[in-house]
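This document starts with one chain, in the form predicted alone, laid out as C-alpha cells.
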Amino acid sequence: MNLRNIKIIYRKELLDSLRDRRTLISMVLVPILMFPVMILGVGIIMGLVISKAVQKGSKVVIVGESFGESLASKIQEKEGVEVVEMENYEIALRKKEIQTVLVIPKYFEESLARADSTELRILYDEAELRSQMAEKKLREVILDYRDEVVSERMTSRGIEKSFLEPFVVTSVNLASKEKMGGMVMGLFLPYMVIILSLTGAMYPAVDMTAGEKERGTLETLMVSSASRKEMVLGKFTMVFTASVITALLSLLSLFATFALGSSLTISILEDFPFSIQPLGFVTVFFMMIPLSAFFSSLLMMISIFAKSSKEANSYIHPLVFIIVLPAMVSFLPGVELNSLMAMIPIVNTSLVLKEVLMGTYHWGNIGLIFLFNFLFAALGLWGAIGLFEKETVLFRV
C-alpha cells in the first residue's frame, strides 16, 4: 500500500470538495449557524413574545363579584390585571377577548365567616400564553387572600401559626448552576453533534462514489497507478475529514453561542449557565473522532453499492432515522453508561458525551467506547474496500 497514492487521492477529493458549494454548506455553514439560530433566535423570540404579552396586560371577568367583594377588590388592585364585564364570558375566552374568568360561588363570604370550606373556579385557556399568565396572576392574588383568611381565623382562636407548621422541610441542591447547565446541555448536545457529524459526511460520501459513477470519472481514476484499496482509503479520509470538521465546528458554535447568549442576558440561558473545562471539550471532540470514522465508512459502503446518487440517498435517508433513535438516548432519564452500553455504537457516544458535559469522567468506559467505535469503523471500511474491488458492484447498471 502506497501512502503517497492515498495522499494524492485525498488531496484531489479535498480540492473538489472545496470547490463544491453544497459540500461547504453542509460541512461548514450549517454547523456554524444551526446553534445560534436555534438557541439565540428562540431565546430572543420568546423574550419578545413574553414581553409583549406582559405589556398588554390581562383582562379578567369576575362572575359573582358581589359574593366576594373583598377578594374582587384585591384582584382589581393587582398590577397588570383589568377587571371587565362580559355576559358570554366562555365565548369571549375562546375568542381571546378576555384571558381568564373567576367564578365566585354564592354565600362565599358567609362561608368564610362560618369558617367553612368553599370553592373558587378559574376558567382559562392553557393553550394561550396570555391566558396562562393571567391565570398565574389571579392564582397569586387568591392564594394571598386565602393566607389572610387563615391568619384571621387563627388569630381569632388564639392559635399561633407554628401550630400548623410544626417543622419546615428545606431541600438544598448541592449542584452548581454550571452543573445544572451541563445536565440540560447533556440532554440535547450529544444528539445534535451526532446528527451533524453524520450529515457532514453524507454528501461527500455520495458524491465521491455514486456521484463519480454518474459523471463517468470513476473509470478515469481506475487507470491510475493507485490500487483500489488506496482509492477507497483516500476517499474515506476526505469523508472522515468532512465529518470531523462538521463536529468540531458545531461544538465551537455551541460554546460561542452560550458565551454570546450570557453576555446578551438572554433569559433562556440565564437559569442554566453553561461552561466547560478544556479537558471536557477535548474529551467530547476526542470521542467524536471514532464515531465520525464509523459514519464515514458506513456511508462509503452504502454509496459504493449504489448505482447512482439518487439510489444512494434512498438508502441513506432511512439510515438517518435508524441512527436518530439511539442518538436520542441522552434524552431518556435513568439510562446510565455501563460496560454493555459502551459496546453499542451511537448509544455509547451519546451517553458518554452526556456524562462528560456533567463533569463525570469514567475513563474505563471512555477507552472502551473509543476502541469499539474504531472497531466498527474498521469493519465498515473493510466492507467498503471489498465492494470497491468487485467489478459487478462497481460497474453494475
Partner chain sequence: MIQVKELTKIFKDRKRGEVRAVDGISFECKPGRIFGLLGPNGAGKTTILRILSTILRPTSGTALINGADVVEDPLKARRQIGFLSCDTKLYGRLTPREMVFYFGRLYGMKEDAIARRAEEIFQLFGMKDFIHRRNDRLSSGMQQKVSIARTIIHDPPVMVLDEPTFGLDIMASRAVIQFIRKCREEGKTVILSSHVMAVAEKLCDEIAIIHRGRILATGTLKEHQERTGKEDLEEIFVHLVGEENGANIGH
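Residue numbers count along the first chain shown, from 1. Only a predicted model underlies this, so the values are computations on that prediction, with no experimental measurement involved.
What comes next is about the form predicted in complex with its partner chain, which does not appear here.
Within 4.5 Å of its partner chain in the model of the complex, a heavy atom is found for all three of 219, 222 and 226.
Contact annotation: residue 215 falls within 4.5 Å of its partner chain in the model of the complex, judged by heavy atom distances. When contacts are judged by a 4.5 Å heavy atom cut-off, residue 9 counts as touching its partner chain in the model of the complex. By the criterion of a heavy atom within 4.5 Å, residue 207 is counted among the residues contacting its partner chain in the model of the complex. Residues of just one listed stretch (109-117, 226-234, 123-131, 244-252) have heavy atoms within 4.5 Å of its partner chain in the model of the complex: 226-234. Heavy atoms closer than or equal to 4.5 Å to its partner chain in the model of the complex belong, across 1-24, to the residues 4, 5, 8, 9, 11, 12, 15, 16, 19, 20, ordered by sequence position.
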